[in-house]
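For reference, the chain that follows is the form predicted on its own, supplied as structure tokens.
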């Protein structure tokens, strides 16, 4: 996915460090954890802020209810776990206790997508964006790298809206050059005039390989999945007439469906391809590159899709 000179960094480590820094400034910041704090690099937080770290154990529904209760008293609350447990197991409690009551709990789901390769289908959460997008009052975010995560976290922390933050397991390429993050705004990673490419998370960094320079791509990082930056997306599509959406998630309920609806309701004419996992569960692999190849999310599959989009005239 990355060239030899590309720096890698852990999104999870960045989360732990950024949350610790926020907690130093905000005495009302609490963490409710479902027995996975070392994986989210919260060991220092737990040691320093013992009264603000609540260990619930393997009880995800209880964790969501406690987080809602703390939020109701005015606390800034982060609910931390793996995405396959939260929001997968406790979705009903998130819906009822957090979203319905508009408590601005920040739900952090780590180890999302096929990137948790050797953990297999049980842990490769591919439905979390769909689950959280459908909830009223819930905002959904997925940083492209550790750098964007560090800019994103303070903004989300002080927002008065429930939020879901999607993290991945492995170290991933640092590609973000933006100096700020704004809820509801997307960022260009590259500009071109032939095809609009949309995505979120580290899978999008594949499009920055030198192999893709010849395609003249508008590459847009949609790290704010909900709310979505409709204006930026539609402006690019109006220019290119072609759109490729790629995501390490089910096609059902993901960014691709949101963008397809946006295009149709706007009246834009556009050639459209959506790359995602097609109605299937994940499986074990030594690394996620093998899974990306298997589920047609690899650079090879992306190249074929770009060629297909270019094979006939846009706006036809």
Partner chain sequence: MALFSAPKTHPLHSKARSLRLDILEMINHAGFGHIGSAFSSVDILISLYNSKLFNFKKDRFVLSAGHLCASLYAVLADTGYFDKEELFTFAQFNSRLQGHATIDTPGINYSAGSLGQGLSYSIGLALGDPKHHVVCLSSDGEHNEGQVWEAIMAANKFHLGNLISIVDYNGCQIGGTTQEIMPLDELAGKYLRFGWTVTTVDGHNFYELARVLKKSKDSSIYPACIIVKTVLGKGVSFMENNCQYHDIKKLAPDLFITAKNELQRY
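Positions refer to the first chain, counted from 1. Remember, predicted model here, so these are calculated numbers, not experimental data.
The following text describes the form predicted in complex with the partner chain, which does not appear among the structures shown.
- Picking from 192-200, 79-87, 143-151, 224-232 the stretch near the partner chain in the predicted complex, with a 4.5 Å limit on heavy atoms, gives 79-87.
- 56 is the sole member of 270, 56, 260, 70 with a non-hydrogen atom lying within 4.5 angstroms of the partner chain in the predicted complex.
- When the partner chain is considered in the predicted complex, residue 29 lies well away from it, no heavy atom lying within 4.5 Å.
- The closest heavy atom approach of residue 291 to the partner chain in the predicted complex falls within 4.5 Å.
- In the predicted complex, residue 120 approaches the partner chain with a heavy atom inside 4.5 Å.
- When contacts are judged by a 4.5 Å heavy atom cut-off, residue 60 counts as touching the partner chain in the predicted complex.
- In this stretch, 180-205, not one residue has a heavy atom within 4.5 Å of the partner chain in the predicted complex; the partner itself is omitted from this view.
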